[in-house]
Each structure stands twice: as structure tokens, then as C-alpha cells.
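This document starts with one chain, in the form predicted alone, laid out as C-alpha cells.
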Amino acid sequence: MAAEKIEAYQRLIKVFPRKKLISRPTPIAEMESLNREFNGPNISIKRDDLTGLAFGGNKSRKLEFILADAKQKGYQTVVTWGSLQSNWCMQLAAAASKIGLKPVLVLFKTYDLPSTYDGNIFLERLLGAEIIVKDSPVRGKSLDQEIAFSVLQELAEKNKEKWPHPYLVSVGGSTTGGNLHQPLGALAYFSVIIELMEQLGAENMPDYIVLATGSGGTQSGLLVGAKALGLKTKILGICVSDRKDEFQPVVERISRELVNMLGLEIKIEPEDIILFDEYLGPGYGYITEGIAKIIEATFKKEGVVLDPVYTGKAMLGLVDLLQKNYFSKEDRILFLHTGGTPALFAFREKILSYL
């Protein structure tokens, strides 16, 4: 029955245009040090930081669908926004350049970091992206989408001579808006559930997938995929930018849009959306001693490099939940590494100050 469902959903996914940008499936490995330390549950990691586009990351999966949509509809420029060291923006610049679209990035100063050519900004410069740095009306949290889109629309109008036929897309490619009319970013992670089924088999699927959640598309896609395939897998998001009471409706909305787009006969209930905001610290993009030390420890013990904004915070949350016995000894946990490692270099002084 599982094989039949997988085939049906694979056919459904093929309805949507997709531009191959990454190597898949991405590898899965045991986290041997963590498993020795806690002696149950069993913890593994899916390396979506090894997608193969630029320095890798979850956003490159989303861009396969989003940029195929832009290309098919005849757009020539892609305009988006993010924070100063946004991995989404760098991945978009790499993907757009690769397939012949002009990348324009509006980077908002949502945390205290200089806008120098370092980390992802350095890579974006090498890619030839047009970069516009602006002050943000908020610090330590995500920028309101309506405000961001109004800035993008104003800039697109002002620069229409040099930004031909612009495709405006939200941060992370998660929420619909601008010229993205369907939750194509979330669709990418619906397909990851199928990828996991093919890698692990239905009987070995994890009890929990733990990930950093920032714009909602990755968590929504995984959630809808798990429910559509009738799995017991729970999707546990560690919030990196917003409190869970603010963010829960975002994940719920994207999930329901994806259900409707695919014509699925499933219901997304509020209790399906598991979020922890206890590890936000001072807010989005702010480094704490705990984040610095978990990055150091994971690199030393597992040989895995985490990023300071997303996966460092998610690993901090996972280890704390393990220490608090949130999971049972028999649970299988899959940690999703969503990339973002170039930002390490821009944050190096802040990280080293704690070590």
C-alpha cells in the first residue's frame, strides 16, 4: 500500500515544473557521539547541507520548483529579501545565475552585524547578484511580509529598466505572495518524505524529524507529506526567529495551502504543529554561549559543521530535549541539517568570544 501511495504522489509532484539543481537523495548518517552519550533514542542526521548547489541547504530544494515556475512563466529577474547573512538569498543567487535569471537581493539588517563582503554576502558578490542593504524596522525576528513585499514592489517599479520582468518571492520561498501563487517551497519538502521512505523503508521511518524552522515551508512540507502517507512521524520545529504563538498560524496556513494545491484528503490540526521557542534567546541572528558551544561540540564530536542562525539553535534544542527525556529510549530521531554554514565566517568573532 505504501509503494502505491508513493507512486501516486510521485506522479502528482511531476505535474509541477521542476528544474534539477541538486544531488539527491542527500545522505543519512548516525550521530554516533550523541548516541553514545544518551544511549537511546537512536539519532541520525539527514545532510541537506550537502545538496550540491553552492554550499548546500534546504532552500536549494525549494528553488527547483520556484525558479522552474519563474522560468516557465517567462520572468527574467528574481527579487527576494532576507537578513544580512541569509542562506536563502545566497542559494537563490546561485540557482538563478545557473539557469539564466538575474538575482536581486534585498538584505535587511535584522541583527547587529556589519554588511561587509563576508560569509554569504561575499558569495553573493561572487555570483554577481545585485545586493541592496536596508535597515529593518524590527530586530531579532522576521520582518512582516506585507512590509517586505511593499519594499520589493517599490524597488521593482523604480528599477524596471534594469530589472526586466521581475518575479517577486518571499523569504525562504515559503509563503505565497508576490509572484509565487502556490506553496512550491513546501512541495519540495513533501517530496523529501518520499525520499526518506525510499532511503529507509516505511518500517524504519523516524518517530521524530527535528529541524530549525524559520519561514515555515520546510516544516509544512514535511508535515503534510507525513500525514498524506499515514506515517506516525512527528515534525518537531525549533523556532529560530518568532515565538510559537506567532509562528504556528504561518505553518498551519502553508500546510493547508499545500493540502489544497495537491487535492489531498487529509486535515491539518493545530496539535500536528509541534514548535519549541525556548531556544530563541535574544532573537533571530543573535549568538549565545549555548549556540557557540553546541557548534564547537558538534564539529569536534561528529565532524558536522552547523550554522549559527538555524542548525546551531536546532541542535541546542535537540540536546536539551534529550537531556530532559522528552523522547523515549526506543524513539528514532532524524535531525535535518538545513545548511547555512557560510554564515559561520561572518559570525566568527561573536562565536569565538564565547569559546
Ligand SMILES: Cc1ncc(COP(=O)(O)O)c(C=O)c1O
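Predicted model only: the values in this text are computed from it and were never measured. A residue's number is simply how far along the shown sequence it sits, counting from 1.
We do not show the form predicted in complex with the named molecule, though everything after this point is about it.
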### Query
Does the named molecule get within 4.5 angstroms of any non-hydrogen atom of S255 in the predicted bound form?
no
### Message
Please determine whether S215 contacts the named molecule in the predicted bound form, using a 4.5 Å cut-off between heavy atoms.
### Response
yes
#### Entry: Close approach of K313 to the named molecule in the predicted bound form, 4.5 Å, heavy atom
no
### Message
Residue-level question: is R61 within 4.5 Å of the named molecule in the predicted bound form, judged on heavy atoms?
### Response
no
### Message
Please identify, from 76 to 84, 95 to 103, 207 to 215, 154 to 162, the stretch that has a heavy atom within 4.5 Å of the named molecule in the predicted bound form.
### Response
207 to 215
## Note on the structure
Contacts from 309 to 346 to the named molecule in the predicted bound form (any heavy atom within 4.5 Å), listed N to C, are Y310, T338, G339, G340
